[in-house]
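Before any questions on binding or motion, here is one chain by itself as structure tokens, the form predicted on its own.
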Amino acid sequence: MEYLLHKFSHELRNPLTTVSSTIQLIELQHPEVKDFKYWSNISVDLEYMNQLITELSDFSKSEQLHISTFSFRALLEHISLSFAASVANSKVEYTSKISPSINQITGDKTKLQEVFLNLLKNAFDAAYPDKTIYLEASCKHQTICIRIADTGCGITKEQLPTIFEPFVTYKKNGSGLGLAICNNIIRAHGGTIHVESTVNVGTTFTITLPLHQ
């Protein structure tokens, strides 16, 4: 399945790039088209298709790891600072607590960063204004535990069992691949990902990762 998805996304990318280039050329030569009703929808739809193809490609490669040893604490601190800056002008309060006992880990740095940024973005989308997002990371018995919690809309009991399945989504304009990619990456590292949620209260994702593959 992964091979077919990779091939499918690759084959779609080329004609979509051609369409995007053609749209840009038309706008350059005929600027008046921007005033046409629904013209702007074309760019929005093209951007969405490009995002979907990227996610299809990422999903097909989510279990392929490029292993190295790096400072996991430094990675989490970088992610935390970057996310804090991105939500600084919003009404959502973000806090984090990263244990100084966390040091090096063996894993795929890029893919792990993708996981935590994805989960933080989801938390922001779900959090109510004037509410909170919290990241906590600790290390015990050669295992790192990361919790990402939000006080937001929550997930229903009926939806919880399927949120990690590919192409299943409960978000408007969602592809249903984000959490499936996160799940594949964490499990490829020998870790676990678990979710607890209450509607109109919030959601907590708990990830465990072994220090060594």
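Start at 1 and count along the sequence shown; that's the residue number. What you see is a predicted model, and the numbers here were worked out from it, not measured in a lab. Throughout, rigid core stands for the largest set of C-alpha atoms superposing within 1.5 Å between the two forms.
Although not depicted, the form predicted in complex with a small molecule is the subject of the following passage.
Contact with the small molecule in the model of the complex, defined as a heavy atom within 4.5 Å, is made by all three of K121, T169 and F205. For the candidate set C145, A188, C153, L46, a heavy atom within 4.5 Å of the small molecule in the model of the complex is found for exactly one residue, namely C153. None of the heavy atoms of I53 is located within 4.5 Å of the small molecule in the model of the complex.
Interface membership of I102, defined by any non-hydrogen atom within 4.5 Å of the small molecule in the model of the complex, is ruled out.
Proximity of I98 to the small molecule in the model of the complex: non-hydrogen atoms within 4.5 Å are absent; the residue sits far from the partner.
In the model of the complex, A126 approaches the small molecule with a heavy atom inside 4.5 Å.
In short, of 38-46, 154-162, 64-72, 23-31 it is 154-162 that has heavy atoms within 4.5 Å of the small molecule in the model of the complex.
Once the cores line up, the CA of F124 ends up less than 2 angstroms apart between the shown form and the other one.
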